[in-house]
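As structure tokens, one chain now follows by itself in the form predicted on its own.
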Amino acid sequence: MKRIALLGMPNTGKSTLFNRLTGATSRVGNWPGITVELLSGKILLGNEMVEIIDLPGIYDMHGFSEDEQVVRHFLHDNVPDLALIVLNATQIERQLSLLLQLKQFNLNMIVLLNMADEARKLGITIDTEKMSAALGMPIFLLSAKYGNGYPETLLATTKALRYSTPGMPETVRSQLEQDEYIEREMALILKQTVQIPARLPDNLTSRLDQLMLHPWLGLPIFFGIMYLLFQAIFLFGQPLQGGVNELFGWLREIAIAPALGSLPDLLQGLLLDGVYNGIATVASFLPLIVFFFLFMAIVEDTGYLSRAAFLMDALMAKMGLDGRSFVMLLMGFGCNVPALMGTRVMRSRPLRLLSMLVIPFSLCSARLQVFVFISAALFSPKAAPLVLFSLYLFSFASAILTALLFKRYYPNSEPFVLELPPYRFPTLRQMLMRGWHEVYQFVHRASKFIVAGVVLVWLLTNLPPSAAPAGADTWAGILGAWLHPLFAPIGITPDLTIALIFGFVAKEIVIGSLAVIYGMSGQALSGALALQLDWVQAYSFMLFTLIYTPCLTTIATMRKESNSIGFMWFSIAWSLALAWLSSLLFYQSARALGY
């Protein structure tokens, strides 16, 4: 099977093009010669299937960041049949240097000048025919966002795959010779083929940045936007959540229960109260998860998260971190795993380790469903968004406290350089594709653990057979009673303790575990929790769930990215200790105040 590599600088629309090309067929896999996972997908071009690999965005082929090393090793050990080089047409005078560096690799290449629509609005004109003749490779204008130039790109790609890749050159210029050559070529090509206004016209980006990057108003605006995002999640998601709950309840009564009626009681209980209730409860929160990812995709794709990183850099520097660390924290809202992997762009190992220590405190999507469920069950519709927003603030506070305490052990001197892309409002297709991709990944991850988790919880709460289901004599009851002295001071009941234990494996299991423990799902489970817990206990439980050890996948990623078992165990121990102390302080303070 022939292979196409996507190459380019960050923020050039490379991932947008990849998503448009591959749709929902992308996967993550390892490649020979490198130690990280890359996104790839298969598409049909002409009469044959072709694999497309999305390589990390890089600024320089001679840099020392891990992403730059990954790209070099990939091109050396896995020479692609074709390389699609994606450049930002609005920044062609800066992006051309990477193209000229890649040209030295003697690859079979096609150049795609993306964001051509924005370049045209800014008065930038590029003569692609002259540039193609000067560089000796096909060059096309493209708008991956709107699809303009997409058919021509596919046709040119199909034709280019007919030719073999020349391969690496036998002689390579020295670094000095390459730099001089690139500088000369860039000046000549830009002079002959590109016309850029002496002064770019004022645009919406510069006007918005006066407000969004204001030294006093910038951060309040950012947190205000995040608060409105959580309000919107509940506003649009809760009605759909109620509908999904009713649907699963109706299916149980009408179809599932009658179909399993002839089975032995023990097996029937396992399938209905265990597997079905657990999966139904988790599935009922998909509408809220969908809206979360959809709104976060809008915030991220507009270019606003880069501004947030810029705003936070001064504060993060005082904690031994930088703006990139803040971006990784925000990325962790979706999933801690890619956020940990994203630290590869940092050259300083101390900065990477300190960033990896704070990233697991990000309120990931798996924790989100736990908090959405508890908030909806124990708090009013007006209070629930505030509760959720406060947990995000606690997430930041935990990360800040951790960084302040341990920054002296991870000193960093690496300068922070960040490109601020122009504001862009994503198209409806982009938003739907992004939301679908994130939800699919969430469900795919969750499905690995939920069924096994709820089955184990059901067994613990129903064995030995002589014990009453979910009673004190079951294995779960015995385990909960044994751990009760540890969790009683923070208001966590034995039933909640069992759910937390399975949360070590994956936070997606927590709500499914509660459904199995109580033998209920949906609104019935919410009502049972509301009767047994008050708001102080519920908030203490959510606070502990927020801070304590992340899922096994995150832990394994941390072990791999840090290349240190000791660092991994230190992170686990610190998060457990901080979770218990935070919940203890909140719970005992609330009780002392009479709540």
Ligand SMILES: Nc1nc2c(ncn2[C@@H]2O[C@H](COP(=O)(O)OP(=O)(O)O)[C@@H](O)[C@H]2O)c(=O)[nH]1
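Values in this document were obtained by computation on a predicted structure and should not be read as measured data. Each residue number is its position in the shown sequence, starting from 1.
If you look for the form predicted in complex with the named molecule, you will not find it shown, but the lines that follow are about it.
Heavy atoms within 4.5 Å of the named molecule in the predicted bound form are found in exactly one of 387-395, 452-460, 140-148, 224-232, that being 140-148. Proximity to the named molecule in the predicted bound form, taken as a non-hydrogen atom within 4.5 angstroms, holds for one residue of Ile509, Met115, Ala476, Leu112, which is Met115. Contact between Met9 and the named molecule in the predicted bound form is found at the 4.5 Å heavy atom cutoff.
Taking non-hydrogen atoms only, Asp301 approaches the named molecule to within 4.5 angstroms in the predicted bound form. Remark: Ser575 does not count among the residues lining the named molecule in the predicted bound form, judged by a heavy atom distance of 4.5 Å or less.
At a distance threshold of 4.5 angstroms between non-hydrogen atoms, Ser582 is out of contact with the named molecule in the predicted bound form.
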